[in-house]
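Two versions of one and the same chain are coming, encoded as structure tokens; call them structure 1 and structure 2.
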Structure 1
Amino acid sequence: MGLLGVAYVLWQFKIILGYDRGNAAMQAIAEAIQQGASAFLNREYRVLAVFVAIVASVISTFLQWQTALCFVVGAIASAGAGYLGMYVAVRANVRTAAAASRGLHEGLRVAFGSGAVMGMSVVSFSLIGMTVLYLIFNGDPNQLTYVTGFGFGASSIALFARVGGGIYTKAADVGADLVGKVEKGIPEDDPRNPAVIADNVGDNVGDVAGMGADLFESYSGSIIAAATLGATLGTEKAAAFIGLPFLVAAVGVLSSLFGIYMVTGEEKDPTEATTKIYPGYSLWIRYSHHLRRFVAKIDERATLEDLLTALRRSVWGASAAVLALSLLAVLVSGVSLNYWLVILVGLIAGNGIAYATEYFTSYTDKPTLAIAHATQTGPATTIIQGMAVGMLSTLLPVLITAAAILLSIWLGFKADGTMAAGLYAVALSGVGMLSTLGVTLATDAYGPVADNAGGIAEMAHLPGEVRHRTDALDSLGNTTAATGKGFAIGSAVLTALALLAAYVSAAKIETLNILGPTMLPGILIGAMMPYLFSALTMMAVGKAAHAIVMEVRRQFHEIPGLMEGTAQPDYKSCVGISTEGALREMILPGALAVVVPIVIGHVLGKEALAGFLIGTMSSGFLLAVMMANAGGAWDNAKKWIETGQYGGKGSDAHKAAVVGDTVGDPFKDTSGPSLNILIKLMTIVSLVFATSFGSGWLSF
């Protein structure tokens, strides 16, 4: 299934490259974005290569070389998926702009195709990588321990990519907006703004490459956690338990392809030749578009509403397919049907969290409208209301996740009578939640491509209707991105809990008493980590954004004719500042995430480390949801006002809303999403080093 996914990626890639690249002006802009993005990613990967080399030698010195090998493979696979996703995204953006000149659905097809390349690369690379490593070490009793290294590698890359990309994109975004929109009063993506290319590069390195690496690690982590716990069940069905998450993931690849086809498929006449060679193909071509229309109801005359329905149905269609196929997988594995229900629980919980996220961040619902209402009394009340909405929005995700954990444990416990089976079920539930990642990531990752297309349309002075179409696609992407976030957040907790259980088993911890001597200090320090981490990343954005603001102001001041449009700004200096800032500032938070768990494990002991991880998990989950949703709600409150409410663009209410949106930028695109990775990275570091921890230097 992994190979099928790779085949799809190559095929879709070729299709995208075949689309029209637009006029010379558009190509020149796209070229600048491509160069900036590649330059950043190349430099980022060079820094990460050093990090990977250091950690790999530490692992092979203190643990086993096999784990180090898996670590390196995981890092490379993650980086590869991120690179490929970005590579196609910076080529799809200009083609989306060109396609949007022809129609809304045309534009969606290109942008979504690019998202699908990202989504399918992530799931295929992950599945192939883990399966191959698993087969290589077959028969070795430490097989699964080694493969955990793959997850460690993926998580490390994910954290750096999210943090580095997040700092880059938000520094450029905030910097461009603060001078351009607020001080100079020029529109978004205006070519006179010296930071505009950096801003567009940022969408690619942060929202595409960063997000790809992020979900690569979620996906890999959930499968590794489930397989590792499956091995600890110790029954004669161990092989079935280990294999099941791989099977579920594999049927998920097929289901995701089905979902993607619902959106991108084109109606074709069956040609004589192909019909003769593959007799079934004729039937498929003749009837598949009926199925597609039944599920997704889109054609060339589709409205925005239709497209949203199409995207939603493609995800639901994929979910339904996963359910049907994983029933087969469970039956083939010979385990209890309860484990199929567990997958159902995961999918329902993921959709539930997605729904809650959408409710709290969409401007058709009360919470975001309350923020828009608060803009009337200025930026301060806008921020207060937004923070309150963000905090309140944690209620449903927490209750849904808690219910999913409880139900999964109960189903597993009832099936095999042990708590270990219950924890395995939690892990499997996370795999179920992420099984449709191929398509959910596509619905998430096409947004930045549409955003970029809009920027290119603006800079290349394309007709207004093109920009309207790309804006429509972008706002559609914002809505569907909520779904992606819901799955990412929910699965992070389930996977982290499963990895924690694997850690407790690997570290041979007998009892985990909350009132043990080092436990509460561990929990408190763990709960503090997400705050420390967010503080560092937010200050990094602030610092880099400040440098951009100064540079943009300097250029407006020193380059004569820039404001009048008769002179060219120096885009490269802003790209350079963002690159330097992001690379410099990602080191400390990234290093902390790897080093602190090891220090805690040695100083406070292995039990306290478990407490530490619990603390990080609970506090980080809450903070991540709060930041992501407050940011999303501020963004959409601003968009609502821009539709003409409360005075529309340029009014005092709009200015207050822009302040909210700017505060929300690092919340939702830098600090918030990084926390999901932080939680899992610290848990997987603990799992990899589990055997090296004792009762701690401070034990008594």
Structure 2
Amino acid sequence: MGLLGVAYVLWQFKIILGYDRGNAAMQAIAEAIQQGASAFLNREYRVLAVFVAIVASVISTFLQWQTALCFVVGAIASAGAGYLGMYVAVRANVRTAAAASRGLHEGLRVAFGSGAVMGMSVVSFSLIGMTVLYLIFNGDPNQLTYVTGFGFGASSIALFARVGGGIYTKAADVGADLVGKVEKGIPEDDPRNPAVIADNVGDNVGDVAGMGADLFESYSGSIIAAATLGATLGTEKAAAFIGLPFLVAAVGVLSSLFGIYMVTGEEKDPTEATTKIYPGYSLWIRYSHHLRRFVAKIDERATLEDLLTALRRSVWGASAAVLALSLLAVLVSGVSLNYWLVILVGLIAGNGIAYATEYFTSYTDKPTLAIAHATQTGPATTIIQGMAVGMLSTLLPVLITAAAILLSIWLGFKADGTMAAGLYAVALSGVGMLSTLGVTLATDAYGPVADNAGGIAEMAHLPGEVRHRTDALDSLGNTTAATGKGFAIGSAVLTALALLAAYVSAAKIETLNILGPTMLPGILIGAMMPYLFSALTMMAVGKAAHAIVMEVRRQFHEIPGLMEGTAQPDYKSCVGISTEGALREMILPGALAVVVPIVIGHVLGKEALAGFLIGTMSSGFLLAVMMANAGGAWDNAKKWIETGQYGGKGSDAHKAAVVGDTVGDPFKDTSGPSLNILIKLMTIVSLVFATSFGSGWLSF
């Protein structure tokens, strides 16, 4: 299935490269974005190569060389998936702009196709990497311990990629908006703004490459957690329990391809004479035509609401396919049908979280409209209302996730009569939630491409209706991106809980006493970590954005004719500032995620580390949901006003909305989405080093 996914990626990539690239001006702008994105990622990956080499040496010295090998493979696969997604995105952006000049549906088709490359790359690389490593060590009693290193490598790269890319993109975005929109009153992506190229580069290195590595880690971690717990059940069906999450992920590849086809496939005429090809083909064409008309309505008359419905139904269609095919996987494995119900629980929970996230971030629903209404009284009320919406949005995801955990544990316990089976069911539920990642990530990853297409349309002075269409696609992308973040954080909690159970087993912890002398301090320190991490990343964005603002102001002040449009800005200086700032500031937050669990485990002991992980999981879940949804709602409130509401662009309400969006940018694209990686990375670090922890230096 992984190889099938790779074949699709190559085929889809060829299709994307075949689309029209537009005029010479568009191509020149796209080339500048490509060069900036490649330069940043190449420098970032050189830094990360040093980190990977150091950590692999430590693992090889103090643990096993097999785990170190898996760590390196996981890091390379994660980086490769992110790089490939970015490579396609920076070539699809100009083609999307050209396609949008022909219609809204054409623009979506190209942008979504590039997102599909990212989605299928992530699931395919992950499945191939883990399966091959598992087979290499087949028969070794420590084979799953080794493969856990794959998740460690993937998580490490994901955190640095997400944080580094997030700092880059939001520093450039905030700097460009504060001077361009607020101070100078010029449109977004105006070519006179020196930070505009850096802003568009950031969309790719943060929202595509960073996000790809992020969800690669989520997907891999969920499978590893389930397989690891399956091995602890100790029954004659242990091999089946280990293999089932791999099978569910494999059928998810097929199901995702089905969902992607619902959006990108060409319409077929059911009355066309096709029986000459082979008997029964016309019946298939007729059936698939009606099925596609139900699942996805995309044609030249499609409205934005039609497109959102199409994307939503493509995910539902993929979920239905996973449910049907996973029934076969469960039957083949010979385990209880309760585990099929567990997969159903994960799918329902994932779609439920996605729906709740969509409600709180879509500009057609009350929460975001309330933020837009608050802009009429200034930036302060805009920020207050946005924070309130973000906090309120934590209610449904928490209740849905809690219900999924309880129901999964109950189903697993009823199936095999042990709490270990219940915890395995929780992990399998997380696999089910992410089984359609190929298509859900496609609906997420196309957004930055549409955003870039809008920037290219603005800078190349394309007709106004082209920018209107790309803005519509971008707004839709904000909503689908928020739902993607909802999937990621929801699955992160299920996966982290499963990894925590695996850690407790590996560390041979008999009981966890919350009143123990080190347990509560561990919980409190863990609950603090997401706030410390978010503070560091937010301040990093602020520092880099400050440097961008000063540079943009300098150029407007010192370059004669820049404001009048008769002079050319120095784009490269802003690209360089964002690059240096991101690479410098990503080191400390990333290092803390790896070092702190090891320190806690050795200083306070293995029980305190379990409490630390519980605290991190609890506060990180809530903070991630709040930040991601508040940021998405602020952004779409601004876009709602830009459609002409409350005075439209240039009005006082719009200026207040821009301030809210500026605050929300690092919320939703830097700190918020990095937290789900933080939760799992610290848990998997604890699992990898579990056997080295004892009672602690400060034990009583």
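In this text, the rigid core denotes the largest set of C-alpha atoms whose superposition between the two forms falls within 1.5 Å. Note that this is a predicted model, so its numbers are computed, not measured. Here, a residue number simply tells you its place in the sequence of structure 1, counted from 1.
Visitor: Quick one: identify the form predicted together with a further copy of the same chain, either 1 or 2.
Guide: It is the first structure (the form predicted together with a further copy of the same chain) rather than the second.
Visitor: Would L48 count as moving between the two structures, using a Cα shift of 2 angstroms or more after superposing the core as the test?
Guide: For L48, whose C-alpha is compared between the two structures after core superposition, the shift is less than 2 Å.
Visitor: Any CA movement of 2 Å or more for E642 between the two structures, core superposed?
Guide: Shift of 2 Å or more: yes.
Visitor: Using a superposition on the rigid core, decide whether the Cα position of S651 changes by 2 angstroms or more between the two structures.
Guide: Where the cores coincide, S651 still shows a C-alpha shift between the two structures that is 2 Å or more.
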